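Quick heads-up: it's one chain on its own, the form predicted on its own, in structure tokens.
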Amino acid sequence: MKLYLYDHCPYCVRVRMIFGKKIVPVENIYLLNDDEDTPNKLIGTKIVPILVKDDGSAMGESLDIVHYIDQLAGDTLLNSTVRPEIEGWIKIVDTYRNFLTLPRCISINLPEFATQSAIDYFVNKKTAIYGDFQQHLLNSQTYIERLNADLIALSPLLISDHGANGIFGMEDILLFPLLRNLTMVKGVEWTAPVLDYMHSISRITRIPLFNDHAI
């Protein structure tokens, strides 16, 4: 199987998590961000992740791929429970996380931004939706202070180093990619429970954090 993806994309990380947790072989193919032809040929639209199965058929939608691999692996299925507290936390942080991560992901040597044209494409697309990158960088401390408070609120919800609710499952598939992207932000005050959780899930899924490249 082949998985077409971007490293900064949290939806792609969801899929990488299930492959890593279930130890299912897959070839990861990182597309340049301005490559429209490849995804259009595979599924008719520019979106990732895209899984090309062994039979040559392609599928998109991250959670559909997660469930497909979960079933394919043939062992214990993911715990499907997602607590309302976790859903609520994600919704809160979703309102501002992109202001921190989008301006930074183009500067940490990710494969999807290996060319200037790919960077320019991304910046033009995302600033039209989220606003000026430089202004968001200037406002970083405001967003970081919000995040620090939200991390304190998250900490008591993380009750095990094997997953947010004690068993690896859908909560982790939804939560970890968001937290992982935020590790590219320097100056965040990570609480011990959140750090322990991220390192545990990183180890289980074989997906590194961005700490060493934080800016």
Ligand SMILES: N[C@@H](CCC(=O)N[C@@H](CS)C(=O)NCC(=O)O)C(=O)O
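Counting begins at 1, following the sequence as shown. All of these numbers come straight from a predicted model, not from anything done at the bench.
What comes next is about the form predicted in complex with the named molecule, which does not appear here.
- Just one listed stretch, out of 54 to 62, 151 to 159, 169 to 177, 186 to 194, contacts the named molecule in the model of the complex at the 4.5 Å heavy atom level, and that stretch is 54 to 62.
- Put simply, Tyr6 is close to the named molecule in the model of the complex: some heavy atom of it is within 4.5 Å.
- Residue contact with the named molecule in the model of the complex: His67 places no heavy atom within 4.5 Å of it.
- The shortest heavy atom separation between Ile47 and the named molecule in the model of the complex is within 4.5 Å.
- Taking non-hydrogen atoms only, Trp89 never approaches the named molecule to within 4.5 angstroms in the model of the complex.
- In the model of the complex, no residue of 179 to 215 lies within 4.5 Å of the named molecule by any heavy atom.
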